[in-house]
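Listed next as structure tokens is one chain, alone, in the form predicted alone.
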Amino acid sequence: MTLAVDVSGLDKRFGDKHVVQNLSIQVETGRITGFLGPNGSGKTTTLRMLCGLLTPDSGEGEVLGLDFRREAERIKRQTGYMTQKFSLYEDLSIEENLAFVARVYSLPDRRRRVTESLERLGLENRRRQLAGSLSGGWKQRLALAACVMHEPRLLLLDEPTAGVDPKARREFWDEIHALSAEGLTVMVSTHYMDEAERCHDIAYIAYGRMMARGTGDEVIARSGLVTFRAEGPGADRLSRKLADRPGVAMAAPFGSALHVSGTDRAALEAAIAPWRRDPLRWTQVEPTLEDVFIHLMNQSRDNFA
């Protein structure tokens, strides 16, 4: 196993806010690692420190075999970074934006590289369209094309599909998996559970601290959660009544059904016992990643509070 990212003791403060706290992260080459966690948990800060855009207060290790503190400039040249907000020029066409990026990286044979990028992301028929007139999904494709044009070894994606329709999201992820199959290492922050499930492994960060790490199945297994699902008339409306009962770590509606979870089976069953009768139907189910996500959120403390 070769590691594209192997960093430990990562710390970053902004004033009196400890945004990243003694964080260690290892990512295998060619893997897609999902970054999950509440807003303000240090996901973006971590990504920016790994690629040299932010200087950590402390920490050591390597990114792409290079010292991530001393050789940040070399790491930047081998990294693609897609920000939350579309950051290309809206008054330039798709083709003009890609040509500009090719010049920034001093790429040889720029015309060919631009053409190949247009074709790979399905942008050739829109090459003369102004970037500012594109929908969210097409802006996303353009941003991804710009990020991988210089053939990076590491791709960092910061909530890349926020506000994008489901079809565009699926096509985007198909392309990410195709790039990963070619050996590209990908780290992506997301709030979408279906996207987290498409990652090879996930890292859950809550307010600067690593709370869970592993594949989706491993994170679920290690959570220790027992989950019951209630179905029937008004099942989803029980969440508030159950949320504060002893033994209940989480009670959340899922459509017209309800998931109730806890780590102590006996206490959990005692909590739901008054409602465990007709017309409600109760079954024990495997916890979902979303169950674990909510459980971990409830355990964490907002360092901005």
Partner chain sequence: MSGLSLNRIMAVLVKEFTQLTRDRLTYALILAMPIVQLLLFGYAINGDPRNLPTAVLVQDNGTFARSTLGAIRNSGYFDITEVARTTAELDEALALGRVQFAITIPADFTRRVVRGDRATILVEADAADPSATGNAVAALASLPREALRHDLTGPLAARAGAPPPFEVVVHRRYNPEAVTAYNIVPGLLGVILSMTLVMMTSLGVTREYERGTMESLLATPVRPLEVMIGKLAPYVLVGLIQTVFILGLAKLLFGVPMQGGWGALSLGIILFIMGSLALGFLLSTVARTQLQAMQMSFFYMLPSILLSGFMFPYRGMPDWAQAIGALIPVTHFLRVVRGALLKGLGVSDLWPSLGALLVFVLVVVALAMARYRTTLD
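Positions refer to the first chain, counted from 1. Keep in mind it's a predicted model, so treat the numbers as computed, not measured.
One more form of this protein exists, namely the form predicted in complex with the partner chain; it is left out here, but the text below deals with it.
Asks: Consider Lys12 of the chain shown here, and say whether it contacts the partner chain in the predicted complex, taking contact as heavy atoms within 4.5 Å.
Replies: Judged by the heavy-atom cut-off of 4.5 Å, Lys12 is in contact with the partner chain in the predicted complex.
Asks: Considering only heavy atoms, tell me if Tyr204 and the partner chain come within 4.5 Å of each other in the predicted complex.
Replies: It does not: once the partner chain is placed as it appears in the predicted complex, Tyr204 has no heavy atom within 4.5 Å of it.
Asks: Please tell me whether any heavy atom belonging to Phe100 falls inside 4.5 Å of a heavy atom of the partner chain, as the geometry stands in the predicted complex.
Replies: Phe100: yes, in contact with the partner chain in the predicted complex.
Asks: Against the partner chain in the predicted complex, would Leu53 count as a contact residue? Criterion: heavy atoms within 4.5 Å.
Replies: It does: once the partner chain is placed as it appears in the predicted complex, Leu53 has a heavy atom within 4.5 Å of it.
Asks: Picking from 75 to 83, 206 to 214, 167 to 175, 229 to 237, which part of the chain touches the partner chain in the predicted complex when contact means heavy atoms within 4.5 Å?
Replies: Contact criterion met by 75 to 83 only.
Asks: With the partner chain left out of view, choose which of Asp91, Glu119, Glu151, Glu218 has a non-hydrogen atom within 4.5 angstroms of it in the predicted complex.
Replies: Here the answer is residue option Asp91.
Asks: Using a 4.5 Å cut-off on any heavy atom, which residues of 93 to 107 would contact the partner chain in the predicted complex?
Replies: The stretch touches the partner through Phe100, Val104, Tyr105.
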